[in-house]
Each structure stands twice: as structure tokens, then as C-alpha cells.
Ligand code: HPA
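Starting off, we have a lone chain in the form predicted alone, written out as C-alpha cells.
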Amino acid sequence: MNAISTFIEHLPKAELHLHIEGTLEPGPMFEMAARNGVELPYASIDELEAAYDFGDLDDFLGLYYRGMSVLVRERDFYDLTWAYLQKARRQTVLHAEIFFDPQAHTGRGVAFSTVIDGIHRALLDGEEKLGVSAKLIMCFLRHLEEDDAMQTLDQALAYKDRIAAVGLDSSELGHPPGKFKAVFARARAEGFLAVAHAGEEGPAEYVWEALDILRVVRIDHGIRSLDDARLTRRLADTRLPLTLCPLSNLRLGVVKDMPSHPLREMMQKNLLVTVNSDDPAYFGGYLNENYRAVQEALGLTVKQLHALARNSFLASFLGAPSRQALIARLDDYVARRAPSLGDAGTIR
């Protein structure tokens, strides 16, 4: 491992775009299938991994939903979340804001309480035993109707103290954010923050809708924002955060290769961008692997890596004292480590 890779490994950071169901690794998937009597359409782990060849977002989602069918009991959701938190701690992720998709579970007969109780219990253990703080974001599935999302919001109200925000994910094309205007308005009225996936495969217009109709405080993905100069200026002026997921973009064909990823251009245009792993079990890497991929492909310097990590805390839903404490920890780490990197830390 070279010096810059080691620097990334221990760099204090937050993760803000992580689907907990997308952390289900093949081994645990087969283990849960066996203990829950769920039959998977794959004979082995090798056969399952061979299916991780996605042409686009919808190709991935088909496999994603089949995989999560093994999540049945509270223990499954606990084990899934605990495994991610352990991985996050090893990668020096100090804070995580985690998406979950309740409709994908309640729609197949798993109680909302089963899902959130398992995840929440793991998050409490993660903070106590690992020192990883976390917040939970409940996503609505955009390929379903708004009435279904409204029913899910009804179920969530009993757990308002466990959920920081609502989000919007799943198939983007053909399902603009404006489709969910009423449920987001109600969620905001109930005190939830709002985020939304927009501008991944969908056009820049979807980002406008997420901002102006859903009134989100963070855009998930958003790389198509660069197609619209006026939108790019707005995002730069407001410093509204975007949660980029480089390896996901590569594996789903959103970018043709990593050197063409727009992250560096977005930083140069003063956008508040962060690096995240999205669905790491499927896309070939967790947070550190995403940092390394863009660093190697785009030639990011220590100063730029420092800025990305700082952005991750600035864009988080942490209170100001917690946010500033983590930024101070980050700044101290960089001050101690950067001088030893020599040419690897050259600022361009």
C-alpha cells in the first residue's frame, strides 16, 4: 500500500450515501437464505457474483431486490447493519447516514417494526461499542405510487425519534421527484429533513424538481447538474451538498471510465461534493475504495482529499458541536500526516 493509500485508510470521514440493503455481501446472503428458508436463484456465491454485471440502474435493482428477500427477521437487519458498521470503523468512518427501503420489505410481508428495530439496535451498539455515530434516512421507492409512500410515512410516524430524514431512491428515469410532492410536504411538516436521488441517470431537470418541489437539503448523486450551467451556479452559490458515488457510477455505466468522472470538475466549480459508496457489496468497494479510485484516476491531492472529507462532515445532519469536533479531529490528522507524504501530497 502506497503512502497516499495509507493516508486515505486512516482519514477521518463520514459517509452520507449508503443503502444498508446494498451492504449485503454474498456470504451473509446465503447464510440468511439458509436460516430463513429462502431459495435464491443462484447455486453458489460464484454464480451470484458472476451476475454482478450491470448494464444500467434497472439491471442492478433487479438483483438488489432479489438479494434482500433473505432479510426476514429482526436479527437479519441487525446483522446486516452491524456488519456494515464494523467495516465502516475499520475504514475510519466516524459518522454514517444510512438509507433503508421499508417498502421493499413491507411489500413482501415483513413488518415495519421488524426492519427498523433491527437496524436501530445495531446503530445503538455501533455508537456505544465502535464509536461510529449514525442517522437513519427512510427512502421512498420512486417506481411505486405516491399513495404507497404515504402509507409508509404513516407507519414511520411512530418511530420519528429514530429517523432523521426521508429520501427518494430506486428507478429514476420516468419517475421525476415531482411525483412525490405531497408525501415530502407532509414529511417536512412532521419534522423530517428531506433528501433525494436526482441527476444520476435522470436529467438536470430532476435536480431542479428535487430542490424546488421536494425542497431537499441534499442531493444524492446529482452529477447531471453539470449539464445545466444555471443549476451548477445555484448549487455552487448555495453550497447545497451532493453525495457522489464514484464506483457506483462506473459499474452502472453513468460514466464511461473513472478518469471521466466529474468529481474534480465539480470541486473546481465550488460544488460541495462528498464521496460515498452507495451499494458497496455490489459495486466493488466501500468508502476507502471509492476514495482511492477517484484519487488514482483524477490525481487528487492531499488538499483535495482533505476537502472531500471535510465536506462529508459539513454536509452531515450532525449538530454543530459534534460536527466541529469531528472536523477538528480530521484537521489534526491531516496536519500530522500530510508533511510525511512528500510528492504524494503535492497541491495542484
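Keep in mind that what you see is a predicted model, and the values were worked out from it rather than measured. Residue numbers here begin at 1 and follow the sequence given.
Absent from the display: the form predicted in complex with hypoxanthine. The rest refers to it.
Task: Single option in Leu308, Leu57, Leu40, Leu63 placed near hypoxanthine in the model of the complex, where near means a heavy atom within 4.5 Å - done: Contact check passes for Leu57.
Open item on the list: To verify the annotation, which of these, Asp169, Glu209, Glu97, Asp76, has a non-hydrogen atom within 4.5 Å of hypoxanthine in the model of the complex?
Closed with: None of the others qualify; the residue that does is Asp169.
- [ ] Look at the stretches 85 to 93, 175 to 183, 210 to 218, 271 to 279 and give the one with heavy atoms within 4.5 Å of hypoxanthine in the model of the complex.
- [x] Answer to the contact question: 271 to 279.
- [ ] Examine Ser225 and determine whether its closest non-hydrogen atom to hypoxanthine in the model of the complex is within 4.5 angstroms.
- [x] Ser225 lies outside the contact set for hypoxanthine.
Open item on the list: Quick one: His19, His197 and Glu200 and hypoxanthine in the model of the complex, is every residue within 4.5 Å by at least one heavy atom?
Closed with: Yes: each residue has a heavy atom within 4.5 Å of the partner.
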